[in-house]
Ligand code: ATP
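Heads up, the chain below is alone and in the form predicted alone; it's given as structure tokens.
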């Protein structure tokens, strides 16, 4: 029996063939080559159809539609205010998150020079914004940001070096002892806003926030969002003393699971894909 060649499997994968298609077997090479050409043609047409549907339909890729749904939920239903902060952050901000040279995340940081890096997460800037706004607004402070983050991740099907996060945080609006219940409530409302019904809520450990204070949202076993709460041992370094809850949503992971893609690169920032469709066809 003959399987598709390595090059053929790669090509079919790029065109979003499923595992069953890629794993087919054939009596001989002639049958395999004929099947490959037919399947490739079908997938090319499907990718073209997806690109025309984007042009003639919503005109916005799925990851931006997901971002917009979350922004509407936060601003219109939850009363959050959007903020915009720098992509490049100083080294001491990471230190205040306890991300030093011995921390697992340190090796994943993209350094611009010995004092600045591309942010690997939104949390440091949001901590700083919360402290400043609390002095002006008082409690509660409800803010969120959406934007790119950067990590030297593995080149697997679920990771990107440049990815988009939406982080929201509420300071001083939840009572001590009720934080986890609030996180679960936020997760349910967020998934409803995205039209995702099949998911799990799982308590987990965090490389930043430690144990027993995080809540992951899993879709088909993959983490698409993670919540945390305080008071927390990091808070004192930022001048934060009131209870808070926060959630981080991985926009590309949500898009990947929403569209049931096998590889997250289809919905990342790319010159090869647009709205999940291959451009080099």
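Numbering follows the first chain given and starts at 1. Bear in mind that the values here come from a model prediction, so they are computed numbers and not experimental data.
Below, we refer to the form predicted together with ligand ATP, which is not included among the displayed structures.
Only one of 242, 40, 67, 223 comes within 4.5 Å of ligand ATP in the model of the complex through a heavy atom, and that residue is 223.
Among the residues 153, 76, 178, 200, the one placing a heavy atom within 4.5 Å of ligand ATP in the model of the complex is 153. Contact check for 96, 232 and 238: none of the three has a heavy atom within 4.5 Å of ligand ATP in the model of the complex. Only one of 29-37, 45-53, 246-254, 59-67 places residue heavy atoms within 4.5 angstroms of ligand ATP in the model of the complex, namely 246-254.
Ligand ATP in the model of the complex is not approached by residue 126, whose heavy atoms all lie more than 4.5 angstroms from it. By the criterion of a heavy atom within 4.5 Å, residue 131 is excluded from the residues contacting ligand ATP in the model of the complex. The closest heavy atom approach of residue 163 to ligand ATP in the model of the complex falls within 4.5 Å. Proximity of residue 12 to ligand ATP in the model of the complex: non-hydrogen atoms within 4.5 Å are absent; the residue sits far from the partner. Interface residues of 262-276, taken as those with a heavy atom within 4.5 Å of ligand ATP in the model of the complex (partner not displayed), are limited to 264.
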